[in-house]
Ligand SMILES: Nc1ncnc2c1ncn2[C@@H]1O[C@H](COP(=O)(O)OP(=O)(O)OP(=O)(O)O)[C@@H](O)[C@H]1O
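Below sits a lone chain in structure tokens, taken as the form predicted alone.
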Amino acid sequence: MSPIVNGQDNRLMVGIDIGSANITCAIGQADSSINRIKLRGISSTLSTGIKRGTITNRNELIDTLEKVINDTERMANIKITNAFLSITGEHIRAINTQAAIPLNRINGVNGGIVERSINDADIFQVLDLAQAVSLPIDRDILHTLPQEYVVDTLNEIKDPLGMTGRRLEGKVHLVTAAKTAMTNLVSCIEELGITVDGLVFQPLAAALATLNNDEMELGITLVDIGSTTTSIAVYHEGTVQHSATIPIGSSSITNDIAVMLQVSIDEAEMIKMKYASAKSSMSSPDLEINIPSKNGGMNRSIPEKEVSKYVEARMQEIFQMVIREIARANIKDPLTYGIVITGGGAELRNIVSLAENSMGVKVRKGKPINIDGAQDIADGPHHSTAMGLLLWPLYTTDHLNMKMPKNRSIKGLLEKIRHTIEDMF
């Protein structure tokens, strides 16, 4: 990954990770000379008004966002004016597309032909064409991530700038999302007087914070286990090859415990985090969990191992769905470096052991890297997306964030991206 040159050595970065269970806001200061972020402030609060990436109560969400933003501003002693937001949900879809353009050649002296080198405008044009796919009217492009370029018959080229040839082909990973979901999320933040610099699909942000270049090159999958969804991003040869959202998360475990024990959601969540094990064989058959009585009923208890059996069954289901999604990437050796799990669901006890047994590969919890000052404050897997949002402006290869060639209009590009279907069809 090559950082984007932004011309500002110490600018502030703000990321707001909006999940169904928690909303986290983080402020960082970029040091472009070493391509790292220093954490200046972070705050997290229980989420309200949003579920599965869809806003269920706009006023509640805005109130919660205002609280977490104010807390972060006080901690960092900085006023937030711009931010990157995370987004997830079942409405997000991803496909791989490609396009090619002929490379114009310049007539040389005495009627000869001189092949000119590939410039920024050529690369921009081929990526523009690659993202010009026919989308439903209610969807829009979230990310256009270059995978590789082909110049004539030479493939696996990461940067064709300056090369010569007759034909340039670009292959991209295209992430799309529902326009309504994106618009409503942005409007909530803008109502608080904050400009949204961009929306980022959660596993892509988490991957930036937790994966290194060797892992992305040789093959690894980021699995972000959220409350109501599980999102994945498959990396190979340094780029995203496949991404998807699975409509099930760790809150399903909480619901299972609540139904099984006839307790409230809050009590079930406490039992899950304090006693449950993702792998039942690693839990105690002798430890009894006391369940508070209700309405004068008798006190009850249940073995820890019994609760863990239900937890293991649900996690096995999630991991099987993850394996099926990884298989759809259709690449050789997609898991050379195994799997990295992030998100709140990754905090479940013994989850790494169960994941390794279920999927047959090496598994580790994601820990943010390239973030100074995060140790013991924001180095857990549930903070990975927020930390990745701080890194996104420095490291993203998203075509939508690329600098425009000087001979093109920024306004014209934005119109072209926004109205791709109308322009092309």
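Note that the coordinates shown come from a computational prediction; the quantities given were computed from them, not determined experimentally. The first residue of the sequence shown is number 1, and the count goes up from there.
Another form, the form predicted together with the ligand, is not on view; read the next lines as being about it.
Just one listed stretch, out of 322 to 330, 148 to 156, 346 to 354, 301 to 309, contacts the ligand in the predicted bound form at the 4.5 Å heavy atom level, and that stretch is 346 to 354. Comment: the ligand is not present in this chain, but in the predicted bound form one of 273, 282, 265, 218 has a heavy atom within 4.5 Å of it, namely 273. Under a 4.5 angstroms non-hydrogen atom cutoff, the ligand in the predicted bound form has residue 228 among its neighbouring residues.
Taking the partner from elsewhere, residue 243 is found to have every heavy atom lying beyond 4.5 Å of the ligand in the predicted bound form.
Although the partner is absent here, residue 12 lies well away from the ligand in the predicted bound form, with no heavy atom inside 4.5 Å. Though the partner is left out of this view, residue 269 does reach within 4.5 Å of the ligand in the predicted bound form, counting heavy atoms only. Looking at 53 to 75, no residue comes within 4.5 Å of the ligand in the predicted bound form, counting any heavy atom.
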